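Okay, so here's just one chain, in structure tokens, the form predicted alone.
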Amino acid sequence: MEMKKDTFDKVIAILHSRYPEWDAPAKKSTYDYDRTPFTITISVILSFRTKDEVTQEAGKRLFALADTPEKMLTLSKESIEKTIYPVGFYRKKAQSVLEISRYLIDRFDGKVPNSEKELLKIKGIGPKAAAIILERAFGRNIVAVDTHVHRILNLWGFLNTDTPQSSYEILKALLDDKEKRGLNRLLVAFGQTICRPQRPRCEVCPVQALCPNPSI
């Protein structure tokens, strides 16, 4: 079944009102370091296929050692691997951290570029990562589409897409700036606590009555 735009607007308004109640890993702010475009970029790299709480703790340890590209290049790959473990693919990610740091120094004087076009030129940064960086580091009104956002919007029938990238392209044109703002955080928290991929909690879902595909 399909969810129309007016119903989508009602659902999002309800979720925003309930967002403070959710104890979602994505909402936890355990950062003991300055949130800069560089630390945000590296945190995004660390987060792939890794739980939020694991990513946050790994970032805390890593940025205590180095929180700029210049400082990062003083660390060995082995040291970074040891520091960020147990994030998923920690060896590959340690190499990416060094490569990104070197690239930023060589191409952008150590600064993270604030355009999608330039971010996508950086090895290891794809459309989803670029969107998250632009949203969180530069305050852009953009929807970062991860698996939760893609899954939920297709479950609702608001989108009918095969990949997060195709969902992202449609949402870019479909939503205005106000609607894009914070949508990723909202739906990720909702997907972690209520609309879970396994064992969804439809019985306590605040938008169950508006959902075209409830599990109950």
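What you are looking at is a predicted structure, and each value in this text was computed from that prediction instead of being measured. Sequential numbering from 1, following the sequence displayed. By rigid core we mean the largest C-alpha set that fits within 1.5 Å across both forms.
Missing here is the form predicted in complex with the DNA; even so, the following discussion is about that form.
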item: Complete contact of 36, 60 and 114 with the DNA in the predicted complex (any heavy atom, 4.5 Å); value: no
item: One stretch from 91-99, 104-112, 68-76, 134-142 that, in the predicted complex, holds residues within 4.5 Å of the DNA by heavy atom; value: 91-99
item: Any non-hydrogen atom of residue 156 within 4.5 angstroms of the DNA in the predicted complex; value: no
item: Residue 80: touches the DNA in the predicted complex, heavy atom cutoff 4.5 angstroms; value: no
item: Contact of residue 55 with the DNA in the predicted complex (heavy atom, 4.5 Å); value: no
item: Residue 84, heavy atom within 4.5 angstroms of the DNA in the predicted complex; value: no
item: Core-superposed comparison between the shown form and the other one, residue 149 Cα displacement 2 Å or beyond; value: yes
